[in-house]
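One chain comes next, on its own, written as structure tokens: the form predicted alone.
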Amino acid sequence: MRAAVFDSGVGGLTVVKSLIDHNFFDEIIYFGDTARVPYGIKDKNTIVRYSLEALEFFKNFDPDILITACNSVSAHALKELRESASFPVVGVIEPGVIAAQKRLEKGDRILVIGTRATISSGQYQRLLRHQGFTNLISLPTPLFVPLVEEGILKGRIVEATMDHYFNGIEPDAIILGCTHFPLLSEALKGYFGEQTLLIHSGEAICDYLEQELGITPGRGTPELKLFASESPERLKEVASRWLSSDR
């Protein structure tokens, strides 16, 4: 079984790591649109156009499923991708909300963080409220994306950025509405405390694939093919570090 995984940059590798750890697929084709990252500051029409261009690239590999690891794509282009693809297309927002439904109480304080495009779409907020969650804070945190892209995952710059965004906020759980953000898990736990639950798109996707789509894990280590619209060598270097880490 062959999976295509699409992200605006390198962040979707956090989803790939979860997919590899669970051995859902025989082969994973990853494409990061690194020439045009980040998508989170772009308008809906641009995100849709870029996403459909990526879909044309993936059609060359005849995938069995496309996973849009980018939350901005999942928020704005999922409908168009599904209409244009001959195979299932799965986003990260619905799995994240399902994970919250299973793990949280309705009165828990939930902080949703993501790019401006993801937060402004209102998708997480709408689906969470539909499930009965009312104590929500949704916050665009776009500065985290370039920090992760540059490999700055802790230290004074990260702490200052968290102070800038999170002053006075005390959540019970944080939905990491950008696939870059799991790389900041250690820093987020240090800032908010170990008791704060982090909902990670990669693990949520894996639960969704198994429980909602009936895809069985345990196939063995998949073959991974990496592609990027710019600097593919850097994508491969980042992948070698992230996919071998314990994050």
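For clarity, every value in this text was computed on a predicted model and none was experimentally measured. One rule holds for the numbers: they count along the sequence shown, beginning at 1.
Not pictured, yet referred to below: the form predicted in complex with a small molecule.
Could you check which residue among 93, 99, 145, 81 gets a heavy atom within 4.5 Å of the small molecule in the predicted complex? Of the listed residues, the single hit is 145.
Give a yes/no on whether residue 204 approaches the small molecule to within 4.5 Å in the predicted complex, heavy atoms considered. Residue 204: no contact with the small molecule in the predicted complex.
Using a 4.5 Å heavy atom cut-off, state whether residue 39 contacts the small molecule in the predicted complex. Output for residue 39 is yes: heavy atoms within 4.5 Å of the small molecule.
In the predicted complex, which of the stretches 50-58, 205-213, 66-74, 191-199 has residues with heavy atoms within 4.5 Å of the small molecule? Careful reading of the contacts points to 66-74.
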